[in-house]
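In the block that follows, a single chain appears as structure tokens, in the form predicted alone.
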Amino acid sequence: MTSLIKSYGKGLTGLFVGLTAIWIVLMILVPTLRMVDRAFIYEDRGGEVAMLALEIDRLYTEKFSLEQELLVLDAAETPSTDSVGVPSVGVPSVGAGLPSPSLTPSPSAAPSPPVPSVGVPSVGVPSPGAGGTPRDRTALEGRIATLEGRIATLEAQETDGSEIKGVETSYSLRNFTDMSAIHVEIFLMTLLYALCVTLLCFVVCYPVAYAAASMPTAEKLTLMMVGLVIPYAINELLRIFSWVMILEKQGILNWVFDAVGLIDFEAGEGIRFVASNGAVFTVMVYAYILFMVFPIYNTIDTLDRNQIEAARDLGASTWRIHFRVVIPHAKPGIAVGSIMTFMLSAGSIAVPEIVGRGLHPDWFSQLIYRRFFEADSWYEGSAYSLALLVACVIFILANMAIFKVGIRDIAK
């Protein structure tokens, strides 16, 4: 703090510290505490009002689809004006021998499913039947109006019954204890997968970091660093999709195999590399390689080269020099790189979701996403997120114990 005040003055230092404190509180502490609170709230969705809420959500989704269809219809039509200046909506007249559109559903239309537990009367919302979905504006507007009426009815019943029945919440450990066996298995396997990605990153990045730290001139080092950084100027999603194009069954890698005669595309041959976690590991190593390279490089760069020369003069082999001199000196960088790579891998959603979706075992991050945004169960999602956070914290502490480094060493 004293050095900051000497360098930037009390005003800028106070502003920096204040903004940092606000960022920590708003972006880290408050969301984390809210997640912890929700993780221990159990939501009982067995109430009748909960069933009403699900039905209302379904109706809103159907209404939105119809509104989008109406917008497409409006965009496709070219409005014309008749002699009295009234815009024509393209509804065929009865005199032309065509039936006039009716807002009353035909007997053949399938009625929407009722909500039996609360006695909601079916209002007969028409759905696409054998005759296809009506494409004229009048029929679409009629269906939307019918849906709005039913939504209003169900929302009124939901409001009337919300005081005595519905979704019940209480503090409990059931979000953790009720986790299914398959979800526990996915959780443990995700930790193992993230550990594999971390080890692969170290194997790939350590030689690169050592080579960068051993560059004889600044020009060569700059050229190497630019070569490492340039690919990451592209958006992460684009980098992931590029790997999908390489590893798919009709991808570039199989095209190369076909060109050299190893497989025959015309016979339907080809290897679907994306159907395994190995492809996910490969893409993750590529995505997070810089988070391992730079910490290791920063520590190796501070190593006195005389120690390496002394070990070589004493007859040490290359492997012994690395294991007895370089790696012990680089332990803080290895620890930082391992922590960052492990946490990014364990929490990644884009890579396992895009690379061979449905063709390889799920990752726990995918389960968390589905709890939040597909199952609409924020309490279970918070519990799953907290479990993953605790596992990552344990890994950090174990990593620091294994490498025998502290916070001060990591900060350096």
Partner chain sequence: MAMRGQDVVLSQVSMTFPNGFTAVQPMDLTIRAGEFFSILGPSGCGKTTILRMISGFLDTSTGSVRIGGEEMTGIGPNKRPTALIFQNLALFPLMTVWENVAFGLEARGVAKDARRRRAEELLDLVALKGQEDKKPTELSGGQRQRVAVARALAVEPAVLLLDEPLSALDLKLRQHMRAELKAIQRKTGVTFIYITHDQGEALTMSDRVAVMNEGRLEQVGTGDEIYNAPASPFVATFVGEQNRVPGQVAEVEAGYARIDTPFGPMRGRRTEALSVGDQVTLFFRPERATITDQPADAMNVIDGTVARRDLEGPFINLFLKADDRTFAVHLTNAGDAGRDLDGAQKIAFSCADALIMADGAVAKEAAQ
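Numbering follows the first chain given and starts at 1. Computed from a predicted model, the values in this text were never measured in an experiment.
Omitted from view is the form predicted together with the partner chain, to which the following refers.
May I ask you to choose, among 253, 311, 179, 224, the residue with a heavy atom within 4.5 Å of the partner chain in the model of the complex?
Selected option: 311.
Would you mind picking the one in 329, 174, 220, 249 that has a heavy atom within 4.5 Å of the partner chain in the model of the complex?
The residue in contact is 329.
Verify the flagged residues 304, 315 and 324 against the partner chain in the model of the complex: is each one within 4.5 Å by a non-hydrogen atom?
Yes, all three are in contact.
Flag residue 320 as yes or no: does it have a non-hydrogen atom within 4.5 angstroms of any non-hydrogen atom of the partner chain in the model of the complex?
Residue 320 belongs to the contact set for the partner chain.
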